[in-house]
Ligand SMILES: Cc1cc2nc3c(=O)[nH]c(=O)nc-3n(C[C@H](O)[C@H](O)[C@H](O)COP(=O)(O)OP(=O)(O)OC[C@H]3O[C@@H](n4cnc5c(N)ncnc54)[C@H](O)[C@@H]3O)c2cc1C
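Only one chain is given next, in structure tokens, and it is the form predicted on its own.
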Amino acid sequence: MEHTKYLVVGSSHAALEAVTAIRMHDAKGSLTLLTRDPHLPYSPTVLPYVVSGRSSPDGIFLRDEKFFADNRVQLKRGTALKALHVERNAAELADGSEIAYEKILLATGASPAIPPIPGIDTVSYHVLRTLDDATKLNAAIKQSKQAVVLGAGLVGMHAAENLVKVGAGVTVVEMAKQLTDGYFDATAAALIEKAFTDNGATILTGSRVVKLAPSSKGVTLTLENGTTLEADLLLVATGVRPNMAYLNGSGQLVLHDKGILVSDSMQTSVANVWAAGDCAQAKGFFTDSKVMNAILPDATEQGRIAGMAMAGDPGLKTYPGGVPLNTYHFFGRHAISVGSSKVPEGAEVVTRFDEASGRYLKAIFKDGCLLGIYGVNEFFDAGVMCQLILRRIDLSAVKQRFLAEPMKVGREIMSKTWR
């Protein structure tokens, strides 16, 4: 049986940050990176640009073969983890072989959540989670005349915009009362929706598909209110679920339906097993409970922490908690959301909205500290805003200046406090 000191399963941001962190403290310990993806590592966030054609599939890789060779990492591509045997420290692969490990990081990400709509197994549809998904969707979009997108999250809306731009008729169907629910508030969502409808898309919020069936054009969709839609391209973008099937029967790990429960150092309930990224459920910054915060900055931070913990790096600082952060560009405009959308008792909410220009800003404060900030066509640095929240910096003395110029004032504050 093959043996490695460190086994990292996954190949996106969390996994790569862990590899770098391990090598910063342990340059020689054997290290294997295992990924089910046949490609070199890439970021899921770049896939919409592959779909649109703005990015070439060959130019999106985060690391090349030389990186792994230089860092003495054995890269195993196109190799899935079938089962984890924590009682004997062995990872069983899809081909039946096994790798013995001393320490393992599970950074296996997530896969599209396919809704149990009657008839969905009888029709052809697209998802968008892998590079292969993106290249297939890129080819299909060029041929589409009438498309339906199920789900109005950021993945679905990116694809809908690409479809609009190639001249397809596009209908977005979303069960929630607004699009981009969970990312932006109703005012911001209305501005985003207007941009789409102004460009010819149809947005059906508060709508549910109850049946799918093949048709001569491709797919017939029946909505709960009886309306039927025809599509030659169907994209299912109704969320994701963490990849944890390889843990079936692994009773020693504490799991949740939303992910693998981890400590503030990304350690699971098994001492030599860590988890990070979209499969890990860690503490939230605004709550004592464990949350899933499936965003790139968190995956990066969690992977770095896990790698440092695995290597025994004394410089380790534990995870401060997940802060939601999302940026979204659409039809030449942008929207940003950072922090909590909930308004606790005693909090202050400040909004600024210029309907003519479509500029909207909303900020939530409590005891002078920023809890959340949201904007459409407003310029501010999302990373800086996240740090202002994490560090609980009192903005009372500069609040009015901050609201007038959040980017400038935010950077001024961080230039004085960053360390």
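In this text, residue numbers run from 1 along the sequence as written. A quick note: this is a predicted structure, and the numbers were derived from the prediction, not measured.
Keep in mind that the form predicted together with the ligand is not shown, yet the notes after this line are about it.
Exactly one of the stretches 266-274, 165-173, 295-303, 206-214 approaches the ligand in the model of the complex with heavy atoms within 4.5 Å, and it is 295-303.
Across the proposed site, 9, 81 and 155 without exception bring a heavy atom within 4.5 Å of the ligand in the model of the complex.
Only one of 366, 362, 63, 36 comes within 4.5 Å of the ligand in the model of the complex through a heavy atom, and that residue is 36. The contact with the ligand in the model of the complex, taken as any heavy atom within 4.5 Å, belongs to 326 out of 138, 341, 222, 326. Among residues of the shown chain, residue 372 is not one whose heavy atoms approach the ligand to within 4.5 Å in the model of the complex. The closest heavy atom approach of residue 387 to the ligand in the model of the complex falls outside 4.5 Å. The ligand in the model of the complex comes within 4.5 Å of no heavy atom belonging to residue 57. The closest non-hydrogen atom of residue 259 lies beyond 4.5 Å of the ligand in the model of the complex. Looking at 118-139, the residues that come within 4.5 Å of the ligand in the model of the complex, counting any heavy atom, are 128, 129.
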